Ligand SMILES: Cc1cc2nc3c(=O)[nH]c(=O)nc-3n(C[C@H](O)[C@H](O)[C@H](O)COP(=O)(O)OP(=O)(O)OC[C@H]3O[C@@H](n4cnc5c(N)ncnc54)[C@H](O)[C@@H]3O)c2cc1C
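Single chain ahead, written as structure tokens, the form predicted alone.
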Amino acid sequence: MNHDVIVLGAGLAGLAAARDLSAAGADVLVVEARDRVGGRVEQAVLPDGRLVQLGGEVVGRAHTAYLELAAELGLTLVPSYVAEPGRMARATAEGVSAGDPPHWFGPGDQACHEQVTEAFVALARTVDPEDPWSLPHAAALDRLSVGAWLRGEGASPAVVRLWEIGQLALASGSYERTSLLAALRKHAAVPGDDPYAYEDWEGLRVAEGSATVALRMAAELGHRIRLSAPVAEVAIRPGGCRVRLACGETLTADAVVSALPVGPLRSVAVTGVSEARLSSLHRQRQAVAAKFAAAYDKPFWRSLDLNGLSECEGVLGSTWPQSEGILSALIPPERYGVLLGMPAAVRDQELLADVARLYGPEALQPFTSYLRMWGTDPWTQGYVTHWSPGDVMAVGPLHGTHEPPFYVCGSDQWVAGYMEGAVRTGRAAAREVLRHG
């Protein structure tokens, strides 16, 4: 049977694209390698009914595509961890502290931090997030790492350390290996007074669970989704595209929408797409990261006047409370190798020891915990897009574009690689498919 459109991948991007195409009357088939939908969005249910988010959780007020979709699905947006009372904690080799300024700051460091922040924000105003390549000095900014730029602006070692611990808390790769142009572009997409304003980027969550966004879209699509069907080969031909599954079965369609992360996509043989577009896709990289979640009876960190939010220099990069009594954490790329080196049987306890250093011995006794190794999961091979120096120019203006009847979407294809990016580009890809007939 020939389909109008085959969508590769049943994460947020693929589901959003398929939902809009189906609503417009197109015959859509979604093929997904896993035995579930959602991709890097996943949840578990505790015995007491609480949901634990094992993947993406939070969005911000600027994430309009996601917010609109959540409303269409009848879901409720509520404040995220930003509403938690208490102070943020920071853990480094020399100790743990709470609140600002960080414990390693000395005289003059706070003024220096404010000065370089102001310079960064001003520079970001010159960048068009939709077309950073048009900036006159784009190549020079892209070659420069954020860390090198900070030192060039006169940032003290203590200030560089604060920016670095904050960046690794997001698990998107060290600022020593992050393009300044990419960081400026990200800020220009969601402008503010800080390099990364938690309220703007992460101030909201879906009360019914972020994975419910994917589950409700999947329920609407029903039989149009085929699970446990990894893709091996895609042949793009005007008037007739072929998708060969790993099992050997061949499917046909008038158009193909790829919603696969850039890592897994590299293992799919794609023909009929220009070398330039494939080179742009294959040049992207993702931060190799992991997510950890631990469920407790109560949010015991509040008794210490802490809000559960932290930035760390241990194996963990950060923690935050996802809901009542449930802590999330990220392991950034620079520490993923340490995690891989641990015997699987001790990983949870060693990560909990990092949490206990922040919040005390109660952290060692969750009634359950979860670890998702995104970096070595064959169907993700990473977390958010990591733009190393030179990557923005190397990927080039073809980033996020389409070559009908081949369309591309996914969190990788937006500025910052968030759930917003998946929904935004998924829906945009559907519009392009429909526009080209």
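In this text, residue numbers run from 1 along the sequence as written. The structure displayed is predicted, hence computed values, not measured ones.
Keep in mind that the form predicted together with the ligand is missing from the display, and what follows is about it.
Colleague: Is it the case that Arg34, Gly55 and Pro261 all touch the ligand in the model of the complex, with a non-hydrogen atom of each within 4.5 angstroms?
Modeller: All three within 4.5 Å in the model of the complex.
Colleague: Tell me, out of Ala293, Ala218, Met88, Val231, which residue has a non-hydrogen atom within 4.5 angstroms of the ligand in the model of the complex.
Modeller: By the 4.5 Å heavy-atom cutoff, the listed residue in contact is Val231.
Colleague: Consider the chain as shown here, without its partner, and state which of Pro405, Gly400, Gly38, Pro389 has a heavy atom within 4.5 Å of the ligand in the model of the complex.
Modeller: Answer to the contact question: Gly38.
Colleague: Within a 4.5 Å heavy atom cut-off, is Trp379 in contact with the ligand in the model of the complex?
Modeller: The answer is yes: Trp379 has a heavy atom within 4.5 Å of the ligand.
Colleague: Counting only non-hydrogen atoms and a 4.5 angstroms cut-off, does Leu168 reach the ligand in the model of the complex?
Modeller: Leu168 lies outside the contact set for the ligand.
Colleague: Any of the heavy atoms of Val384 lying within 4.5 Å of the ligand in the model of the complex?
Modeller: Yes - in the model of the complex, heavy atoms of Val384 and the ligand come within 4.5 Å of each other.
Colleague: State yes or no: in the model of the complex, is some non-hydrogen atom of Ala188 no more than 4.5 angstroms from a non-hydrogen atom of the ligand?
Modeller: So Ala188 does not count as contacting the ligand.
Colleague: When the ligand is placed as it is in the model of the complex, which of 263-271, 110-118, 302-310, 346-354 ends up with heavy atoms within 4.5 Å of it?
Modeller: Comparing against the ligand in the model of the complex, the contact stretch is 263-271.
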